[in-house]
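Before any questions on how it binds or moves, here is one chain, the form predicted on its own, in structure tokens.
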């Protein structure tokens, strides 16, 4: 668990229907019995964390994604990929519709995460088209809420920690950037709705943006 904490699931451990396994999805694995739904939420989303080992971060998205897709194919399970708004790179339009192709950098410091997620989307698309795997792709925007890691490197936690410690608040760029902030409970509802939806406006297998349609200035979040 590179970015998670055991205390986040402490209340579930005694539940008879809950089982916790610690495993690196880069390694092949099998699951006994039927599987109905797979949520692939693996891969650290925190820049300071995923930049510790960028190659492992990239492998988590690609090799890990392939392992879970093969499990979904074997079990005839529906699988959801947690992609990211970072696949749009440094966009020159806002908000970004799903058909926007992005302005990306394949060799930048964030590329291990951004490009890993882009490649994973390709894997999910092709496994649906070629093997008939029932897939969903969620492009998740900035999510915040209780139990955030204070050092995860995202703007909300940065502002809060700077305010608590009496530091100057960092204004990124010229302060005119906007971000789509989504509360964690709303994001969980959206992920569940996407997983269980049988159809959407376009095609259910296409990527779907999940976030807040209203952009908020970074400098205004403090």
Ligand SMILES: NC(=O)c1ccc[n+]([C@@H]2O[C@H](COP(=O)([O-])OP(=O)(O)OC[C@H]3O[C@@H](n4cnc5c(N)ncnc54)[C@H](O)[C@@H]3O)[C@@H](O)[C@H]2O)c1
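Not measured: the values here are computed from a predicted model. Numbering follows the first chain given and starts at 1.
Omitted from view is the form predicted together with the ligand, to which the following refers.
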Contact between residue 135 and the ligand in the predicted bound form at 4.5 Å, heavy atoms? no
Contact label in the predicted bound form: residue 25 to the ligand, heavy atom within 4.5 Å: yes
So, residue 69 and the ligand: in the predicted bound form, are they within 4.5 Å at any heavy atom pair? no
Is there any non-hydrogen atom of residue 113 lying within 4.5 Å of the ligand in the predicted bound form? yes
The stretch from 69-77, 119-127, 102-110, 135-143 that lies within 4.5 Å of the ligand in the predicted bound form, judged by heavy atoms, is 135-143
From the list 42, 190, 62, 38, which entry has a heavy atom within 4.5 Å of the ligand in the predicted bound form? 42
Going through 55-86, which residues have a heavy atom within 4.5 Å of the ligand in the predicted bound form? Please give them in sequence order. 56, 60, 82, 83, 84
